[in-house]
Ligand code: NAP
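Okay, here we've got a single chain as structure tokens, the form predicted alone, with questions on binding and movement later.
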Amino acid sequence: MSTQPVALVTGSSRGIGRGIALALGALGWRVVVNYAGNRQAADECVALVAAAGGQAIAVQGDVGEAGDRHRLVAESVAWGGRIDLLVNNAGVAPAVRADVLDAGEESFDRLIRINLKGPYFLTQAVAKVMIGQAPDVSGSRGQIITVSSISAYTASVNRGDYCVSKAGLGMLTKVFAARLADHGIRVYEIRPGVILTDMTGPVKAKYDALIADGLTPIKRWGDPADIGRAVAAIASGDLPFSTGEVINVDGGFHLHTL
């Protein structure tokens, strides 16, 4: 069996998740490419990871479903022998944007189930696997990264359910970082800004104008590869004295300037 480390990246068939998978592949990692429904995109990602220098398999699973989470962890361990990195990336946007005064419970429940409950309990399950693993020479048993959003602190009144789900991920990072530090497991949150993906495609013209008008100090769209680089730095062990840390990859959006 290969001794190369193993990463489980949820929602990695396309977009930001694919960018993360490819960055890990370039490091020579073995990557579990999780997807919910698009097998073709997942197979494409597997091939691209291999071309980048890594190994990969595709595993279907909806992180919002308990049975799928358990199977995803089991299949990852069966293939790789261990899990060195979990990247909670899978997430969905509201099916319909609605004013917070009119929004319904169905959309709220869907977003909380997939965007928050799923990562929370998947992290719990993977943490238990990591605790049982032998530490490496640095004492690390694994790392966990949750990809949230600038929507964790930026109010959008026509998608409040999405913002609430992302804000919850910030506390997920804190509580697991505090709980797992003694086990040699470090936990991080990455907050992407405006990233060009399928999710943002429908509002591209809007954000083109906002970026040109100074929405971010770095005046360009983010790319999935930008998130991949941040994950690769963590995966390489370059932040050994940090845990519970929030890493903004947002072109400087989080800055308050006068």
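Start at 1 with the first residue shown and count on from there. Quantities reported herein were computed from a predicted structural model and do not represent experimental measurements.
Just so it is clear, the following notes concern the form predicted in complex with this ligand, a form of the same protein that is not shown.
Only one listed stretch (228-236, 49-57, 210-218, 29-37) carries heavy atoms within 4.5 Å of this ligand in the model of the complex, and that stretch is 29-37. This ligand in the model of the complex is not approached by residue 141, whose heavy atoms all lie more than 4.5 angstroms from it.
Contact check for residue 180: no non-hydrogen atom falls within 4.5 Å of this ligand in the model of the complex. Residue 16 belongs to the set of residues with a heavy atom inside 4.5 Å of this ligand in the model of the complex. In the model of the complex, residue 149 approaches this ligand with a heavy atom inside 4.5 Å. Scanning 188-218 for heavy atoms within 4.5 Å of this ligand in the model of the complex gives 192, 193, 194, 195, 197, 198, 199, 200 in sequence order.
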